[in-house]
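Take a look at this one chain, the form predicted on its own, written out in structure tokens.
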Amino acid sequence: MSGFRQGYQAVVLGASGGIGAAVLAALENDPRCGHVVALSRRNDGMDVTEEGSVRAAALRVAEKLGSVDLVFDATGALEIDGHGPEKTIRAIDPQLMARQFAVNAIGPALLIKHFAPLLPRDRRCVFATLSARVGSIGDNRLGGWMSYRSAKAALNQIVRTASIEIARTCPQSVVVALHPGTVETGLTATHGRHAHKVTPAAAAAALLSVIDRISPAQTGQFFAYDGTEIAW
């Protein structure tokens, strides 16, 4: 990953999931990476829906690493509490919609709030979070999945807004939303008939390659796994 200095430090949030675990493995095998810390609810008790949990996790990382060159947020969920995305407006449940926003929008916002202060001010650094193409308003041609789509659209706005603020103190920062494609994980169980899926390892390699190529001038944007920009 030539975009980072030798010995760069990284954190993977949601490291127990399919994509998160693959990103973690890729970073551990990168000879340029000096340290990488893995955090997840399953293994470390970091719950993105509880601010106290996120704050405590960030403090632990700060004590261990100080500054962090790459924060990769692989948290998120398509199916929550056993409920998949609704197929029609008639199926909207306010409580389930609130849970979608808690996990897929408010959670990442809390991660940005508490982990962005660990980004260095004097060199290129990246906060990348997994979004989804279905969160694009301009690209929506099929409808459906209102809660999940809306939560990811909110996440995209969070990324855009945060990128502007973070750039004021970290002028070489890159804050981006990334679409990983359809990956062979539990998250895509409802995509059984999708024409093409990729392995988590392939998705991780593609996403890290995109991160490597993005410049600070492109902060606050939304990219697919192949590096193409996605409409808001």
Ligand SMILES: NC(=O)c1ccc[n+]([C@@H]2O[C@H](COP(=O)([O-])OP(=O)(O)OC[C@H]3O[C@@H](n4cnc5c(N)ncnc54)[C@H](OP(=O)(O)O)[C@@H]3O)[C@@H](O)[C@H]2O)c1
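For clarity, every value in this text was computed on a predicted model and none was experimentally measured. Residue numbers run from 1 along the displayed sequence.
What comes next is about the form predicted in complex with the ligand, which does not appear here.
Colleague: Would V48 sit within 4.5 Å of the ligand in the predicted complex, counting heavy atoms only?
Modeller: Answer yes; at least one heavy atom of V48 falls within 4.5 Å of the ligand in the predicted complex.
Colleague: Should T75 be counted as a contact of the ligand in the predicted complex, where contact means heavy atoms within 4.5 Å?
Modeller: Result yes; T75 sits at the interface with the ligand in the predicted complex.
Colleague: Flag R60 as yes or no: does it have a non-hydrogen atom within 4.5 angstroms of any non-hydrogen atom of the ligand in the predicted complex?
Modeller: Contact with the ligand, no.
Colleague: With a 4.5 Å heavy atom cut-off, would you call V103 a contact of the ligand in the predicted complex?
Modeller: Output for V103 is yes: heavy atoms within 4.5 Å of the ligand.
Colleague: Sort through 24 to 32, 169 to 177, 48 to 56, 63 to 71 and report the only stretch with a non-hydrogen atom within 4.5 Å of the ligand in the predicted complex.
Modeller: One stretch meets the cut-off, namely 48 to 56.
Colleague: Pick from L118, V126, A162, A132: which has a non-hydrogen atom within 4.5 Å of the ligand in the predicted complex?
Modeller: In short, A132.
Colleague: Though the partner is not shown here, which residues of 196 to 225 have a heavy atom within 4.5 Å of the ligand in the predicted complex?
Modeller: The stretch 196 to 225, when checked against the ligand in the predicted complex, contributes no residue at the 4.5 Å heavy-atom cut-off.
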